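A single chain comes next, written as structure tokens; it is the form predicted on its own.
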């Protein structure tokens, strides 16, 4: 066997072991210790220290020591892709695995987040602050309007879905119009501090540029979530199969808008089907790790909350959940919005790693990748989704592409034949996915001991 193949296998095993160690240390609990008469619980401190060490291990592997690196540039790219794919796939698992809504629109929200975040930073480094102002103000105003309209409609009964959707849509359009006006007024005041791409100003470099990158990714994720709210409000009333078809249509619409972004939409810098170039490459291991861990921790805590249990109950039996007083429609919409938020964040991180965006990257056929990952890892399993995301990238996009490329220049396209065959075999052999319901460490659901009612009755 070729040495490079052996090294690729070793890297895949090392990545899986790394993930297991990370989740194990995050879920580690130690007994409280007594110091000077005070009882201290050091579990949280140990968990945080473990996460810092886990971050440092990869950071050292990416560091260049006199021309030697454990992870080369190609491996670094795979690592960033795995982090973004994890965020996208976890969002889809929340929608489909935990809430039971079959969705094919995750890739569209991924693309929305990528283009929105990239446009902000591209304009910023080229001396135009309007992108950040319009996106930031627009998402904040739209969020406030959605909350206010939702609170007003909660006092009304039997409001038709299309009527409430019309109110939300009008509010979103008003917030967008106001954001554009504010951008025109405020951007001339900030633009002199940005300089140009060749001669960046004080706000377009160093620490401030990192802050802008963070805001761009966050606002892009929120923007994708708000789009999913407006789209999901009328569409989620459909059955699961029809909802899947509608989300597939949404992905195709997003792809078409990307292709015509320089003609139909007022974004000439996106260059339509030619692809957007000149995106600053601001994604580092720190940012990729930070956003990925934020998504993992947020989703884990959400699933363990009362809202998460309500989502799972909707998946199990909508009729029974509705009979128990659970807001079925609200649970579906919440899962869809949060899952789209995760996809938007992943898109923002990806755009600033690759530095180039092409509509072909967000084609609806490629959009099946997160679905394959979720099914492969196991529906309703966070551990399965995370490990499958990293395994998918490092094995299929890394090692397999390299091996097939040596056979023939056209051989890498055979991957698209191997994907469905592998998935078909998995469905026949292990329908619950590779991990099934297994969770590791921090992600494991705690076992609550049941009360022995028989002994309690005897004591009484």
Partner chain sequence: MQSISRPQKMPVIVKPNSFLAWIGRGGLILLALLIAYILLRNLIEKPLFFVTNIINGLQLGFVYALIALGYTMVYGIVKLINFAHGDVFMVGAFTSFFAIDRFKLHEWPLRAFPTINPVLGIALGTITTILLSMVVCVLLAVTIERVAYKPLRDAPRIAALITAIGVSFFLEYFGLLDFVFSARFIPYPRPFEVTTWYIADGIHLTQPGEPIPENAIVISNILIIIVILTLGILLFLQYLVRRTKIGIAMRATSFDKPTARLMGINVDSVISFTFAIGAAFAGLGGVLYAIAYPSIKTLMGVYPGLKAFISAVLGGIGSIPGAFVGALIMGQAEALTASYISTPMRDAVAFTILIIVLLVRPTGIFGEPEKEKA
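Residue numbers count along the first chain shown, from 1. Not measured: the values here are computed from a predicted model.
Another form exists, predicted together with its partner chain; not displayed. Remarks below refer to it.
*Asks:* Counting any heavy atom within 4.5 Å as contact, can you tell me which stretch out of 260-268, 213-221, 112-120, 277-285 lines its partner chain in the predicted bound form?
*Replies:* Of the options given, it is 260-268.
*Asks:* Which one, 161, 186, 193, 178, lies within 4.5 Å of its partner chain in the predicted bound form by heavy atoms?
*Replies:* Exactly one listed residue reaches within 4.5 Å, namely 161.
*Asks:* So which of 30, 423, 57, 40 gets a non-hydrogen atom within 4.5 Å of its partner chain in the predicted bound form?
*Replies:* Partner contact (heavy atom, 4.5 Å) among the options: 423.
*Asks:* Heavy atom to heavy atom, is residue 171 within 4.5 Å of its partner chain in the predicted bound form?
*Replies:* No - in the predicted bound form, heavy atoms of residue 171 and its partner chain never come within 4.5 Å of each other.
*Asks:* Look up in the predicted bound form whether residue 291 has a non-hydrogen atom within 4.5 angstroms of its partner chain, and give yes or no.
*Replies:* Output for residue 291 is no: heavy atoms all beyond 4.5 Å of its partner chain.
*Asks:* With the partner left out here, check for me: in the predicted bound form, does some heavy atom of residue 35 sit within 4.5 Å of its partner chain?
*Replies:* Residue 35 lies outside the contact set for its partner chain.
*Asks:* Would residue 136 show up as a contact with its partner chain in the predicted bound form if we use heavy atoms at 4.5 Å?
*Replies:* No, no contact at 4.5 Å.
*Asks:* So, 156, 248 and 256: all three within 4.5 Å of its partner chain in the predicted bound form by heavy atoms, or not?
*Replies:* Yes: 156, 248 and 256 each sit within 4.5 Å of its partner chain in the predicted bound form.
*Asks:* Where, within 359-373, is there a heavy atom within 4.5 Å of its partner chain in the predicted bound form? Residue list please.
*Replies:* Heavy-atom contacts to its partner chain in the predicted bound form: 364, 365, 368, 371, 372.
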